[in-house]
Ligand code: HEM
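Single chain ahead, by itself, as structure tokens, in the form predicted on its own.
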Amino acid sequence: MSKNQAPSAQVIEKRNRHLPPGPRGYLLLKLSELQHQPIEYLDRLWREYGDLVRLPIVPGFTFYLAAHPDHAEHILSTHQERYRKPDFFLKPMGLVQGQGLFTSEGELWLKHRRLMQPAFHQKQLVNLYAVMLSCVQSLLREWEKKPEGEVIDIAAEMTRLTLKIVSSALFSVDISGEYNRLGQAFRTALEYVYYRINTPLAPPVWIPTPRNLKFRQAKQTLDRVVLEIIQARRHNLIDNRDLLSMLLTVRDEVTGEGMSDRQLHDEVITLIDAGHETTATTLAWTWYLLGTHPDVMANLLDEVQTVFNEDDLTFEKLPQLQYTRRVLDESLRLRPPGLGLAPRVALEDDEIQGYFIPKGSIFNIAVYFISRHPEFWDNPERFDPDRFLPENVIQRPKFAYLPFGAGSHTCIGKNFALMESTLILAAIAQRFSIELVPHQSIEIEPRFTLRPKYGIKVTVQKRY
């Protein structure tokens, strides 16, 4: 535009629109703090600027903190067609997950979701309960052999257990062992993905750096082993009642098509990723919160003993553990698996609560802060499972609590994870007393999940 040329009416209109508040200038020099201390940094901004904060990182890249249920509802539900996951997030995740359910968008995502949904219906999950219970009982037998008072890292134990459960439930193979090549390759690949998400200037994968070479070797192992399992199962169709058996037989209700080996590979990797670390992190923090709130632990134990009375933990009785479930819900509120949901990018100009949102804006739907919003949570830092009594839940907006996401993209494995977590808490509490080791450092490690940075050290004592 020349100096004498008048700006268009549309440009003038955009200039006159109010952008959300936020710090002045570009925050490139603050990027390290945002990456390594995001909770503390974003918490200060939230308290200073309000529920919608604009963070211009560099020219052309602006990040928004969305910390109100109405923002989540706008982006995830009522105007979800205006948003999608951005490439800077999808590409690193796609290095491992390919075009699985978590890394696909639009029609491809809808097709995958439609294909996979039947495998996660409640009647199908009943078949997986015995697998879960067997894995938990295996861990309990290991613990029974430990000397009284031995210190363990319960965060690491929960990771090992949930990886065993998800791999056994998926394809009847345990990959949780320290020396299992598939488990090792998976851990290496995930470490690399997290590195790339947090390192925008990382060298391309094809450059033979030591880190890249290690990842490529792990990826080759993942691809080869998972495809071998899928192809072997195709040639020997037996009713294992695992998720892979179900996924091999599903057909798209519209087209009648099944899933290719590559599609199955991507979904298996996606389900292993989503199905173990987030659940393990939730359980680790739940044991910590129970350890610091003995009254809640006593209530949970009383319920477990009342419902099961030293009997086996049957699937039919699991729904009776209503207090245990409230403990899980409150743990997920205080310690959600991640700081926010997967980021979203605005596909077009938009408006949220009177603020102008330019096309290309990147949103962090900050579950961590939404679940602490004082407008919806009284004394938000207090651990109180009774917040989730039905009469209290009905008073809050639906989008004030979304550890599994919301809208059409709600986590497909939500019921699986809740059934698994409830069973694990009840089974361990029934057999063991868990005591926190005093004077240990407990910190959040803000990676893709909000894991305990140094683990959580406990002692386990047999109850009988």
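Residue numbers run from 1 along the displayed sequence. In this text the structure is predicted, and so the values were computed from the model without any measurement.
The protein also exists as the form predicted together with this ligand; that form is not presented, and the subsequent description refers to it.
I'd like to check something about Gly413: if you look in the model of the complex, is any of its heavy atoms closer than or equal to 4.5 Å to a heavy atom of this ligand? Residue-level check for Gly413: yes, a contact with this ligand.
With the partner left out here, check for me: in the model of the complex, does some heavy atom of Phe404 sit within 4.5 Å of this ligand? Flag for Phe404 set to yes.
Is Ala366 close enough to this ligand in the model of the complex to count, meaning some heavy atom within 4.5 Å? No - in the model of the complex, heavy atoms of Ala366 and this ligand never come within 4.5 Å of each other.
So, Leu271 and this ligand: in the model of the complex, are they within 4.5 Å at any heavy atom pair? Flag for Leu271 set to yes.
Consider the chain as shown here, without its partner, and state which of Val173, Ile152, Leu321, Ala342 has a heavy atom within 4.5 Å of this ligand in the model of the complex. Here the answer is residue option Ala342.
Thinking of this ligand in the model of the complex, which stretch from 311 to 319, 227 to 235, 98 to 106, 294 to 302 has heavy atoms inside 4.5 Å of it? The contacting stretch here is 98 to 106.
Checking a candidate spot here: are Arg54, Ile197 and Ser361 all in contact with this ligand in the model of the complex (at least one heavy atom each within 4.5 Å)? Judged in the model of the complex, none of Arg54, Ile197 and Ser361 sits within 4.5 Å of this ligand.
Could you list which residues of 307 to 331 come within 4.5 Å of this ligand in the model of the complex, counting heavy atoms only? Read in sequence order, no residue approaches this ligand (within 4.5 Å, in the model of the complex).
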